[in-house]
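Shown below, as structure tokens, is a lone chain in the form predicted alone; questions about how it binds or moves come after it.
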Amino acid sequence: MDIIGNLDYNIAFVVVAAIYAVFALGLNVHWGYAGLFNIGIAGFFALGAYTSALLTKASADPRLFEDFKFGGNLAASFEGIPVVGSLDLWFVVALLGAAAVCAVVALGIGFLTLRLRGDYLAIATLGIAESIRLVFLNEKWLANGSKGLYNIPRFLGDVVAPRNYDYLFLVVVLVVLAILYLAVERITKSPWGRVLRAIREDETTAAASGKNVFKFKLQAFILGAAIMGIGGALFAYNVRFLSPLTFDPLLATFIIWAMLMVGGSGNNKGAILGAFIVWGVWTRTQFLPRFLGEPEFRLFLIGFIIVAVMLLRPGGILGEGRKVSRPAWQQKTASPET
């Protein structure tokens, strides 16, 4: 039983860490490549999660919740979702829908703020994140308010037994993460990605070179937000319960920034590595004795790791790995020994 229990715990750990790695990839597009200071990750987190849940589940009736409290059944799952063979198409539609909604919201925020200084974007994203949380908290007709959404359907739930669902979802999350990683790698290493890095380093020089700085920043902001929306959808189908309290800034914004800072901004491998390291520290330390397992000490430990990484490796554990080439005249005159 101990072996099985440890295996289940480790699978659950990898699933959540991989979901956070998706968020770290999205933030890396924003900050690591385009230099966009987004501190409203929780807003895109919530939008992606709620959008995917509402696309695949009927909006909860508060009366159903009352029935549930007294032993009733809250399962109000959306009926008639298209299935082709053994593949539930609703899952793919939900991921794409979450990405699309986050992209549209990012378009509105970015269009209004990206022409201003970077701190205005930070204020706007923080404000919209809190606004989104308050909408879902107060508009009970939309997602049952503070009582939340229950019984979010499982992917291939009719095919896979509940006890094996975590194994299936582990594969699903890792496949989605791999696809997003390869896509972001290809995009950021393209000429488009090189323009983003040039804008991050010096907007004035990039504009003088004929680049439309606003257009590139808006595209990067939309792309990163769409990736975060997919992360939110994966989170919803993992926990299968959503509440406005779920999107606390600590675990929906701060910890994702910590992951990127520790792993290395501007490096997609670093973003993923940082997600696993920070989530490992956050979850494993809860088993420490006495006060060492308290949330305050765990926050202190993560802060300590961030400071240590910033002092020892300012670019993160992996960092961007910028290549500095010698001038042409040095390359021609350098001796074979050097």
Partner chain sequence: MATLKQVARWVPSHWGAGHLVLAGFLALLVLAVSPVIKLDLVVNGLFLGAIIGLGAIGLSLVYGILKFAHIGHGDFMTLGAYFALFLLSDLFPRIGLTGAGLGPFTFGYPLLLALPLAMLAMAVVAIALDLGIYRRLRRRGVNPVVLAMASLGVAIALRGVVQIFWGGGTEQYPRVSKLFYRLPMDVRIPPDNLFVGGLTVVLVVALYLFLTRSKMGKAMRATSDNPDLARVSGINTEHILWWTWAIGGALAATAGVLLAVSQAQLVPIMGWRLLIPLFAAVILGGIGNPFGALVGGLIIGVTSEISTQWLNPSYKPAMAFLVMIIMLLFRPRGLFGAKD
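Positions refer to the first chain, counted from 1. Here the structure is a predicted model, which is why all the values come from computation and not from measurement. Think of the rigid core as the biggest set of C-alphas that the two forms share within 1.5 Å after superposition.
Although not depicted, the form predicted in complex with the partner chain is the subject of the following passage.
The partner chain in the predicted bound form is approached by Trp257, whose closest heavy atom lies within 4.5 angstroms of it.
Asn138 belongs to the set of residues with a heavy atom inside 4.5 Å of the partner chain in the predicted bound form.
Contact check for Met310: a heavy atom falls within 4.5 Å of the partner chain in the predicted bound form.
Interface membership of Arg117, defined by any non-hydrogen atom within 4.5 Å of the partner chain in the predicted bound form, is confirmed. The stretch from 96-104, 171-179, 249-257, 234-242 that comes within 4.5 Å of the partner chain in the predicted bound form, counting heavy atoms only, is 249-257. For the three residues Ile39, Ile123 and Ile306, a heavy atom within 4.5 Å of the partner chain turns up in the predicted bound form in every case. Within 4.5 angstroms of the partner chain in the predicted bound form, the stretch 127-141 places a non-hydrogen atom from each of Gly127, Ile128, Glu130, Ser131, Arg133, Leu134, Val135, Asn138, Glu139, taken in sequence order.
Core-superposed comparison between this form and the one not shown: the CA of Gly303 exceeds or equals a 2 Å shift.
Relative to the superposed rigid core, Lys269 undergoes a CA displacement smaller than 2 Å between this form and the one not shown.
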